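Below you'll find only one chain, the form predicted on its own, shown as structure tokens.
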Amino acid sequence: MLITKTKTELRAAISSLKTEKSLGLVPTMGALHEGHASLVSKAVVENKSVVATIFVNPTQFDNQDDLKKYPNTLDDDISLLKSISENIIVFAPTASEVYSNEVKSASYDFDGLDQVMEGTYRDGHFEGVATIVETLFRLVEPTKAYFGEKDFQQLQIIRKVVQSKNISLQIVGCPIVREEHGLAMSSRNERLPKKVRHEAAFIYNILQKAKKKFGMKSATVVSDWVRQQFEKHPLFKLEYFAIANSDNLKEIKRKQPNVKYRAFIAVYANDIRLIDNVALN
């Protein structure tokens, strides 16, 4: 396994690969868990070589306190990657290496994908995500890039960036990996007290029940029911629940035939923000 920390080192490592071989990219912010491992494992199976990046990107944090608290577990992350494959190039740069003298997001037109759900509550978040992702795409020039569906809105926005910027690669969306009791795996879960982490199964249980209700009830009725359930729960505060078109992410009130829908949710457990989503049909 090769660990690179500069763009020059990374480009040299990639240049040493045979050009006809496929190259997979798995961008991460570190604090790796089994969800990340599933992305890397899929990339290893589908490509001759893989680049995994470990970089806590400052431009996608609207809350600087959240940035400061984000865990740094580089040694453990590298050990996890080694357990999957030695044939991985790791890129673990500093912010100054990535952004030089100006840590700033670029401007993008996401065609409204950023104006709902996460975009409503996290100002500038998706510009920050798109900036680092486009930077990595142009630096690595991968054949495929892998992202988890837990951040489904982010996944659709990244697809939009690739389309609008005419970047030649395939975006691979991968299923959500869950803890035994259903909570979507996230680096933030490590900050949850043990009792709260166990109780957080409530979030996924509600999503599953909402999915069943969506087969019989309108989106408005289902949304009202979800809000009522969280109003009764002492540990969790609902930030939003939305049923939206899977393609354009527009929230709906009535179902239409032959359209795919997803339910999206954001919940606070103390000061820790958890997100999740499920396909409804």
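Computed from a predicted structure; not experimentally measured. Residue positions are given as counts along the sequence shown, with the first one as 1.
Beyond the structure shown, there is the form predicted in complex with a small molecule, which is absent from this document and is the topic of what follows.
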property: Listed range touching the small molecule, judged in the predicted bound form by heavy atoms within 4.5 Å, from 146-154, 85-93, 71-79, 111-119; result: 146-154
property: Selected contact from 132, 139, 171, 177, since only one has a non-hydrogen atom within 4.5 angstroms of the small molecule in the predicted bound form; result: 132
property: Residue among 60, 41, 47, 223 with a heavy atom within 4.5 Å of the small molecule in the predicted bound form; result: 60
property: The small molecule contact at residue 219 in the predicted bound form, heavy atom, 4.5 Å; result: no
property: Any non-hydrogen atom of residue 238 within 4.5 angstroms of the small molecule in the predicted bound form; result: no
property: The small molecule contact at residue 244 in the predicted bound form, heavy atom, 4.5 Å; result: no
property: Partner proximity in the predicted bound form: residue 37 to the small molecule, non-hydrogen atom cutoff 4.5 Å; result: no
